[in-house]
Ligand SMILES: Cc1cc2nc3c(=O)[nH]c(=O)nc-3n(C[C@H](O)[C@H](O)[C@H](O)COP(=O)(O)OP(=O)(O)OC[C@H]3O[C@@H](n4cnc5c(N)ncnc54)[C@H](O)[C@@H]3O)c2cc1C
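Before any questions on how it binds or moves, here is one chain, the form predicted alone, in structure tokens.
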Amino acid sequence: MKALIIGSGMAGPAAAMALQRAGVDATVYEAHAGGAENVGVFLTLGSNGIDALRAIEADAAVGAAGFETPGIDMVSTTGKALGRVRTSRPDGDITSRTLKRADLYRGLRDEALRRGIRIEHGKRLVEAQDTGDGVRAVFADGSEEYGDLLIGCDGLHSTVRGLIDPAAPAPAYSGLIGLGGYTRGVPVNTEVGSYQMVFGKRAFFGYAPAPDGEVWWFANLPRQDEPARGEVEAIDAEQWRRRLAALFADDAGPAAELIRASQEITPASPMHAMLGVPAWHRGRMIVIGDAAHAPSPTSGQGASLSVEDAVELAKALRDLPTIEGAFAAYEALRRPRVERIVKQAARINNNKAAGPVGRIVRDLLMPLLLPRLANGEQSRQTYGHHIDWDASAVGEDGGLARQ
């Protein structure tokens, strides 16, 4: 069996490695001419995402990057503690890690290449056809490739999603603009590796001190109307420095000082989510990761869910007799989990952009609700998710076995 994988971000190399382990040959086709070494700021790979990489013996590829982040302390604009959120497996066996997005891309790509997986750059997919006994992929450079199945790992603005269903919805704007940066020389009263997140008066701010003394920070700014493509990306770092420092000037904590002293401020971008895609697959084509279900970055789960998808799909293809049957069983297993997490992130986004009355209600209720919602069953389901590679994917009903 041969798989054509479209996109070499996070889901693509992970899917190729998982498929190789399942006995399926895979080649990754990436639209851009080069890698993603300078893309994005940083993210958290949850303990569930690390667990999924461990299932295919690829967790060491990212194990040295970034630093462990076991929890988040939530505070109000006045500095009032609102509660602590645990962001790792309850048993403590695996701790979530914050790392630069480029390091995660690089680690997964390099490990895939080390395993002999072919990654071709400059291959922008423009058309794909299910031929009945295979898939024909056509690229912008005029070349064609043939395989038994095609997997779209091409992100929010997926070409494959549109080929599967031309009426598929577009990504939904979350009402927030996101950007971040790195600062040295500003001491913060926060435990190394733990996040502190501030529901500011005008915007949301989060930061985590790295073990080497650098502070990694991000900001989410409410904006009701969706910016035109390229609009906020065109605003330079110094303009953002002045604007952000003013936005956080009235909030307790080090946000304004961290921003003013930052050695690097990354380009801003509108934050989007992808929910309610009716068709994840058609015939021999399927989308996984952000192409099928992108949560807002607020969830801290985008990368982790993409890796989970890759491993679960490989298991389904390994253990079920037909490609179409494997796709259907995979979707039945994955859709409830990912849609629950996407919806949770959307609710948190609403709290980030709360008005004066909403802030009062949030700050009163959050200390009461967080212990139950964030550190109980919800946390266990999200961060404690485990994939057993050796267990059969086939359940008693013929679909994928629940784990």
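Numbering starts at 1 and runs along the sequence shown. The model shown is predicted, which means the values in this text are computed figures rather than measured ones.
Not pictured, yet referred to below: the form predicted in complex with the named molecule.
- Stretch-level contact check against the named molecule in the model of the complex with heavy atoms at 4.5 Å: of 117 to 125, 241 to 249, 141 to 149, 329 to 337, the positive one is 117 to 125.
- Contact annotation: of the candidates R223, R318, R101, R86, the single residue with a non-hydrogen atom within 4.5 angstroms of the named molecule in the model of the complex is R101.
- Contact with the named molecule in the model of the complex, judged by any heavy atom within 4.5 Å, is made by just one of P209, G200, G155, G181: G155.
- In the model of the complex, S47 stays away from the named molecule, with no heavy atom inside 4.5 Å.
- Residue contact with the named molecule in the model of the complex: I341 places no heavy atom within 4.5 Å of it.
- Within this chain, T77 is remote from the site of the named molecule in the model of the complex, having no heavy atom within 4.5 Å.
- Although the partner is absent here, E30 lies within 4.5 Å of the named molecule in the model of the complex, judged by heavy atoms.
- When contacts are defined as a non-hydrogen atom within 4.5 Å, none of A18, E308 and L313 contacts the named molecule in the model of the complex.
- In sequence order, A303, S304, S306 are the residues of 303 to 338 having a heavy atom within 4.5 Å of the named molecule in the model of the complex; the partner itself is omitted from this view.
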